[in-house]
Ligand code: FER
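Below you'll find only one chain, the form predicted on its own, shown as structure tokens.
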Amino acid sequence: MYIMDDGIRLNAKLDMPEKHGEKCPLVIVIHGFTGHMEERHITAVAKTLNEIGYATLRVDMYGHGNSDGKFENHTLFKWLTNAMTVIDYARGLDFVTDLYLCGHSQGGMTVMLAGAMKHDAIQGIIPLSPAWMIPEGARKGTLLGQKFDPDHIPEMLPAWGDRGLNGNYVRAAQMIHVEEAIDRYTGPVLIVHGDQDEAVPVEYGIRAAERYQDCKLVLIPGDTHCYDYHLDQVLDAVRDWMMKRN
């Protein structure tokens, strides 16, 4: 199905829990930079949540997967607008009791920001390998392996296979301060991070966990950004934490 965000179609998939009554909690699940909602780790997390009584709403964000927009034109501002629209959509579903956010990498940072912006509506957030170093890197002149002058941002950054990225991505990222969002969200948080993450240093997961007021941090020994080796441990962490909420 599609959720409309000011004329932009966001490809989405709603999965109900295996056993449920008329009402149940729902988790919005968001992929990362260059990703989509059918990735192995995204679908595995959603399935795990469905098994323990949670509905899930997976979404392809602007410029990714089967949603509208070009990858090169996406920004964190556009993703945040997407996230708030999806939250509002989920809140309008008759069967939803409580609402949670889960996101991986750039999606993890998105749920950190959206959780703060919609803190009165969100019962908990799960940032997986959250890439909240993106704004910090954009201000310093380094972004996901690219280096540039942060005061004279190029119109296009060469990147990521055959896809470039508009300089507006960097301009938007420079204006975001994730620390303020962490301080604003006081609900429960679960952060899961591989300690051999090659894309987002594990120190960012540790720093975020230390700053949140109510956070559990689970480090996955020897694992990568997308949990290539121990996805089962990620699923166990999500399952155990969420079973205590429901």
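Please read all numbers here as calculations on a predicted model, not as lab measurements. Start at 1 with the first residue shown and count on from there.
Keep in mind that the form predicted in complex with the named molecule is missing from the display, and what follows is about it.
A.B. asks: Heavy atoms within 4.5 Å of the named molecule in the predicted complex: which stretch in 175-183, 27-35, 208-216, 48-56 meets that?
C.D. replies: Flagged stretch: 27-35.
A.B. asks: Would you mind picking the one in Leu80, Met133, Ile87, Ala116 that has a heavy atom within 4.5 Å of the named molecule in the predicted complex?
C.D. replies: Of Leu80, Met133, Ile87, Ala116, the residue with a heavy atom within 4.5 Å of the named molecule in the predicted complex is Met133.
A.B. asks: Are any of the heavy atoms in Leu99 no more than 4.5 Å from a heavy atom of the named molecule in the predicted complex?
C.D. replies: Leu99 lies outside the contact set for the named molecule.
A.B. asks: So, Ser105 and the named molecule: in the predicted complex, are they within 4.5 Å at any heavy atom pair?
C.D. replies: Output for Ser105 is yes: heavy atoms within 4.5 Å of the named molecule.
A.B. asks: Taking heavy atoms and a 4.5 Å cut-off, does Leu144 contact the named molecule in the predicted complex?
C.D. replies: So Leu144 counts as contacting the named molecule.
A.B. asks: May I ask you to check whether Ala199 falls inside a 4.5 Å heavy atom distance of the named molecule in the predicted complex?
C.D. replies: Residue-level check for Ala199: yes, a contact with the named molecule.
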